[in-house]
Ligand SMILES: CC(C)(COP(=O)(O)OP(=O)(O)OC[C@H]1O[C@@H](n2cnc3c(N)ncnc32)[C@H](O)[C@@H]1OP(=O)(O)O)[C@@H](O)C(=O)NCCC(=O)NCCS
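Only one chain comes next, encoded as structure tokens, the form predicted alone.
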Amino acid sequence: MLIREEAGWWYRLRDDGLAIVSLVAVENEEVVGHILFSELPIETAGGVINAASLAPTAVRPGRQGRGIGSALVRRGLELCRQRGIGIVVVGHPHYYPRFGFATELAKNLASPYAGEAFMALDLVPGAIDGIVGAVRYPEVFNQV
């Protein structure tokens, strides 16, 4: 479930014009899940590459484990694929690999985040694979 701090984070990304894809899952006229993809530039020696961050993803606790989050991720990735960009996520290392995210793909990206939770996904060949650079998270990520 979105907690107050995450909701504020989402509003800030949206209000700053950084939201790329925002989806909600609704059951019986109740919002039960949400996902947001926002702009995440990667600075390289050759210039800036457009990518996206997947965060936050939230499903109401009573509705978790029913495929709602997975459906949101899959649909969001489909919409981002149409933009021809790669995706970066800081998330559970046993959840996100099922969608193709890999720590290996993120290894050449400098970031304030590291380890097995820092993963990337190429939605189109070469969007991130082989890219050496630094991801530049919006300031709001430092406040969460």
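Note that the structure is predicted; figures quoted are calculated from it, not measured. Residue numbers here begin at 1 and follow the sequence given.
The next section is about a form of this same protein that is not shown, the form predicted in complex with the ligand.
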Among 39 to 47, 23 to 31, 105 to 113, 55 to 63, the stretch whose residues bring a heavy atom within 4.5 Å of the ligand in the model of the complex is 55 to 63
With heavy atoms only and a cut-off of 4.5 Å, decide whether His92 touches the ligand in the model of the complex.
yes
Does Tyr96 reach the ligand in the model of the complex if we count a contact as any heavy atom within 4.5 Å?
yes
Heavy atoms within 4.5 Å of the ligand in the model of the complex: does Gly67 have any?
yes
